[in-house]
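So here's one chain in two forms, each on its own in structure tokens, numbered structure 1 and structure 2.
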Structure 1
Amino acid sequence: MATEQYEVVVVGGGASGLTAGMFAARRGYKTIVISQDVGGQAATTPDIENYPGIEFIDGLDLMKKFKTQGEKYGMQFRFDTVTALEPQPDGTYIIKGATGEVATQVVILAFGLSHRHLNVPGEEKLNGKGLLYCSICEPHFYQDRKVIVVGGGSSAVQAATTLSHLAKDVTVINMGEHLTAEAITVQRMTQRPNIHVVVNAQTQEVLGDDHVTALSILHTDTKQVEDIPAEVIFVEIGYMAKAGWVKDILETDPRGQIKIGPNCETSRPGVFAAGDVTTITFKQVVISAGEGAKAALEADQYLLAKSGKRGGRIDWGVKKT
């Protein structure tokens, strides 16, 4: 089967990728967004209160609006996991995924951040068998169950509060002495009677054969080990850029984030990057959306220059450090 040709391929369907896709499609480019899911991180939060013009919205609803708006202008969307970006001798690119490949003039990488793992025994074996990374995705998993949330940041505290409305009880396991979540988020959590917080606790092992039965922790102050019974464990210890598949062809920083210039250009002409996966300091929905728009507009300049039409610059590429 012939490889399908695009002018713009966006990898990632979160706030940055869906915005990039919409902007590229509105410029008339044949554009596809390839993503593992719709909405990325924003889709995992039930309340977004800081997106300008919208006082309150469920994150998934907001992301669905992004997608619908892009599709209105011809943006295509495909579910897949991209595994390779291969530069071609003529300056174009092949993007390979689990279900096939596409060819493109321009690539916009917007694949954001992925859940950080605990890296303890039992985690891999019980992943999906009571050990989960998305607290709002599968409510039936925790209805009337004993639940543990590992983490003490805003995501963990927000997750614990939400889960406590359906779960039997929720235990929050925090590595340090203090929770690092925003004060207002912690305050909302403390109003829930069925949440118990354990501090100074280091996760040792996820226990269970076919399904999670307990989490083994080390109390770092007393050096005692305790197995806390649980039917469901949510890991909410933050996110990291999983950019391993592009690190040999693009410049990344020590945290794996893709280095970009002021207009989302990467170290390789024709490849742009936007949102949380990049070295931008602040990670927020509105910022990712803005970065996605910038990346698409810069890609437009690149394509115009390449085709000899008006506009365009000739200095794409972040300077090597």
Structure 2
Amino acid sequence: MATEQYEVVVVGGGASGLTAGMFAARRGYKTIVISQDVGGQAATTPDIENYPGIEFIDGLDLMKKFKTQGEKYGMQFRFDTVTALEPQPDGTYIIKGATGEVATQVVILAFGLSHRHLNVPGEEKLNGKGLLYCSICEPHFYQDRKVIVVGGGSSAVQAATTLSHLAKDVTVINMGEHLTAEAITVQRMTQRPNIHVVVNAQTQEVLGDDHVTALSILHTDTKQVEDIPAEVIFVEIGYMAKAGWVKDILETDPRGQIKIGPNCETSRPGVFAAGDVTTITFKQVVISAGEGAKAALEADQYLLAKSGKRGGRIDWGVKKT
């Protein structure tokens, strides 16, 4: 079967990828977004209150709107796991996935981040047996149970607040002295009577045989070890880039993030990157969306220059009167 040809292939279906796909499609390019899911990390956020123009929305609902809007302009979408990016002698690229491959002139990498792990004894053994990384999945896991949330950032604080409505009690374990989440989310969390916060605590071991029973922590100020009973432990310590499959052809930093320039360009012509997988400082939905738009617009300039055209394609129309 012949390899299907595209002008723009976007890898990743989160805020940056869907925005990039929409902007590329609006410019008239044959565009496809390839992703394992719709929405990425943003889709797992139940309460988004800081997206301009939208006071409150569920993350998955917002990402579905992104996808629908992109498809309105001709963006295609395919569920697949991309496994390889292969440069071709003519300057184009082959994108290989689990279900097939496509060829393209431009690649926009926007595949987001993966959960960070604690890297302590017992974590691997008890993964899925009371130790989880998705605090909004399967509420029956924490209904009327003693829950621990490890982390002090926005995702951890928001998770603790959400969990407290169903869990018996929630203990937040934070390595530092202060929580780093937005002040308003911390304030909401502290108003919940069944949430307790432990600071200056370093995780030592996840305890249990066939299921989680406790989390062993070291109080870094007193050097005392304490085992905190728990039936469920949620790890919310952030995310990391898993860009190993492109590290041999693109420049990445020590954290595995793809290095980009001011306009989302990577170290290889025709390959752009956007959103959380890149070296941008802040990881927010609105920022990722903006980066996706930048990547698509820069891809447009690249394709115009490659074809020898001087003018840009406009993405708006003039109403005749």
Ligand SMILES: Cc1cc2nc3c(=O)[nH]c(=O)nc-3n(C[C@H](O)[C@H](O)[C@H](O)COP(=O)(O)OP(=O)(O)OC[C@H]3O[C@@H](n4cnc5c(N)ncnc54)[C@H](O)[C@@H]3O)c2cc1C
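When a residue number appears, read it as a position in the sequence of structure 1, where counting begins at 1. Heads up, when I say rigid core I mean the largest set of C-alphas that superpose within 1.5 Å between the two forms. As the structure is a computational prediction, the values presented were derived from the model and not from experiment.
Between the two copies of this chain, it is structure 2 that is the form predicted on its own. For M75, a C-alpha deviation below 2 angstroms is recorded between structure 1 and structure 2 after rigid-core alignment. With the core superposed, I148 shows a C-alpha displacement of at least 2 Å between structure 1 and structure 2. Superposed on the core, the two forms differ at I233: its CA moves 2 Å or more between structure 1 and structure 2.
Aligning the rigid core leaves the CA of T213 displaced by 8.2 Å between structure 1 and structure 2. For R116, the Cα shift between structure 1 and structure 2 is 2.3 Å when the rigid core is held fixed in the overlay.
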